[in-house]
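Single chain ahead, by itself, as structure tokens, in the form predicted alone.
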Amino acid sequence: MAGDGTNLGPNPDLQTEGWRPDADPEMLELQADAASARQTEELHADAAAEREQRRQRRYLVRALLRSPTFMTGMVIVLFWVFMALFSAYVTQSPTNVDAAASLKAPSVAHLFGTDELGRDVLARTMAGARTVLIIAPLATILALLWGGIIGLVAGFYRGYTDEVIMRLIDVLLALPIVITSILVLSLLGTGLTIIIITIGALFTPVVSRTVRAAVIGEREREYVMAARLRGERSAFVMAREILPNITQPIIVEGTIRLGYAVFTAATLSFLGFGLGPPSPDWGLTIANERIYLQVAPWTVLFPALALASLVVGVNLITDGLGRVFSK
């Protein structure tokens, strides 16, 4: 049989020098078609996910606009933001002194009355929002930034890293915020920047616990596991995969901290660890005018009501956000 020229071995065409299965034009075309199909599917999936995210955002915006609680809080907060920025164009100067009009009761000329130096209480009340609306939002942003990083690391890595971080957080949470702030400001001074950093640092532990709890609930989900299987770095997974999916609890926590920051800033000013006279800061004004409470209660009443209204407005926003996000 060997002499009849019949070759029972491998096909000589398959033994062509340099031939490889993946060099077959038809095979290459099939592979290219499969890759193109996969890419198209991924693009369609990404587009569908993006459309779903836009739909959810529109739903949240509409739900918030229909929420009386949220909108009432927004109106109150935006009013004080407007006054903090433009009160000088709406009222007279809060530092104008008129000794002849000292401690005048509310009237047409002075709707909120005057203080012991004859300064208009309305003007000082409106301008007093400026300081607290600088300190509180910036301190809250710092707390969210630092607390977010700490919470992401602790919740993502867990184990020994989580234990060490959370034990330190527990120690910091045991410190009274106002007393610790007084000690820090007594050592470092009472500048605006130091006050912001101090409040932000003291609110960081609370924020980190909230973020950690949210991360723990997300770290075992399929999209996180898929990112790990792709070989993505931990920093990428935390920042690009987990963080966008925990924004809702972070936003709610941020509004809660904002309300506390407003109150804390006013408390520190009341205790003499904020800006000094002639600043119209609410806490400072209440502290300085409380000696006239029996003879001129309006000098304390209106700044106190302004402070309370701002805190209530922030709390209403928090409540409205919480209700919408929980649906």
Partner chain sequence: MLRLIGRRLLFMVPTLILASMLIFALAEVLPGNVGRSILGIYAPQQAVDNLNHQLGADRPLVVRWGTWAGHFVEGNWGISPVQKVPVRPTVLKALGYSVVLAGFALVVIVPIAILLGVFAGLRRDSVLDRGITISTLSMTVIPEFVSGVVLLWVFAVWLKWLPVTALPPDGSPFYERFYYLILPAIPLMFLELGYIARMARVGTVQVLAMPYIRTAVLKGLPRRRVIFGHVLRNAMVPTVTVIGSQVGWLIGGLVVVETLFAYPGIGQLMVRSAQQHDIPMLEASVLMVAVLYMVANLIADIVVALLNPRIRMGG
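Predicted model only: the values in this text are computed from it and were never measured. Positions refer to the first chain, counted from 1.
Note that the form predicted together with its partner chain isn't included here; everything after this is about it.
For the chain shown alone, T69 is a contact residue for its partner chain in the model of the complex, at least one non-hydrogen atom being within 4.5 angstroms. In the model of the complex, no heavy atom of S279 sits within 4.5 Å of its partner chain. The shortest heavy atom separation between R290 and its partner chain in the model of the complex is within 4.5 Å.
Residue contact check for L271: one or more of its heavy atoms lie within 4.5 Å of its partner chain in the model of the complex.
This chain is displayed without its partner chain, yet in the model of the complex the stretch 166-174 from 148-156, 101-109, 211-219, 166-174 comes within 4.5 Å of it by heavy atoms. Contacts to its partner chain in the model of the complex (heavy atom within 4.5 Å) from stretch 182-217: I182, L183, V184, S186, L187, L188.
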